[in-house]
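Okay, here we've got a single chain as structure tokens, the form predicted alone, with questions on binding and movement later.
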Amino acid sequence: MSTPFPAKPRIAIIGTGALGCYYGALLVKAGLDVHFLVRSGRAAVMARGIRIKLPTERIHVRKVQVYGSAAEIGPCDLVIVAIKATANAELKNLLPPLLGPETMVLTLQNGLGVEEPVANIAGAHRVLGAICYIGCTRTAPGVVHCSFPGLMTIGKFGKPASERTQALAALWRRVGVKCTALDNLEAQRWHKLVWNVPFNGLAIIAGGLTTDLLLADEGLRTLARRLMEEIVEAAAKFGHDIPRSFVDLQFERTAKMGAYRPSSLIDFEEGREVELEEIWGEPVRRAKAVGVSVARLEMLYWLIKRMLAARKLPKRKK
């Protein structure tokens, strides 16, 4: 890709969960041409638009361009993948109609190995990943509560940040997102796991606890730190240095989020698929492949896997 990234790109957003709605609303508010591919709750979004509740303001985007298929949208300059990684099998049908010669594809998904499925369909040269340090929850179709707007880092899949990557970061900053383009996307992914692994995982196995309750429990808070330390050790084996100050920062940020329900907990409690392999399984496999013991992480992985399996078993009669 050699042409400059457009100042006013045509944008498609696949999925209108918390992140798709939040970032999409900011783009629309800034006057950009945004097209939402909505899989569920389409009528509600068409009728009422998107509403975002932030700590200091309310955003209501009344007119939203909503579609039921990618073919209706057509090729775009930027495609934002905002569906869960558990639904990546659908991308083989969703992505191709949205791709033009210069299309960039940005995935907002969590975990390790999430760029590869996108690259297999769209081509690695198009793919970027975003790491979203944010606390937001979709409470109804098109309705999002954001307790911690946070920040975003982006990177190009398998390569240093290009001029177009930097231009995309500048676009995000223009619409109000604190965004930085960094050269090592994989390192960014390991950094995000420092939060995702303990807080998403412990919220599930501890019986549905919000982050404030996890922090208030001395044992769970200590376990969260130990899990973070295992991630840091594994990341170091791949050449990604994560300082202790970054670990401390996760606790500071989480304390500001209040009674936050991590996204994996919401998915678990509502009976949806959980990003088990991307957030817990793949880090375990990669750590063990380079000889790093991640006993606590591995235990957490198997406990969550068992709890997910138990959801599918028929309930015993009393």
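In this text, residue numbers run from 1 along the sequence as written. Model, not experiment: these values are computed from the prediction.
Below, we turn to the form predicted in complex with another copy of the chain, even though it does not appear here.
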| property | result |
| --- | --- |
| In the predicted bound form, residue 300 touching another copy of the chain (heavy atom, 4.5 Å) | yes |
| In the predicted bound form, residue 209 touching another copy of the chain (heavy atom, 4.5 Å) | yes |
| 4.5 Å heavy atom contact, residue 222 to another copy of the chain in the predicted bound form | yes |
| 4.5 Å heavy atom contact, residue 296 and another copy of the chain in the predicted bound form | yes |
| Among 288 to 296, 23 to 31, 56 to 64, 245 to 253, the region lying within 4.5 Å of another copy of the chain in the predicted bound form by heavy atom distance | 288 to 296 |
| Contact assignment for another copy of the chain in the predicted bound form, among 175, 143, 87, 205, heavy atom within 4.5 Å | 205 |
| 124, 213, 236, 71 - the one with a heavy atom within 4.5 Å of another copy of the chain in the predicted bound form | 213 |
| Any residue of 113 to 139 that, in the predicted bound form, places a heavy atom within 4.5 Å of another copy of the chain | none |
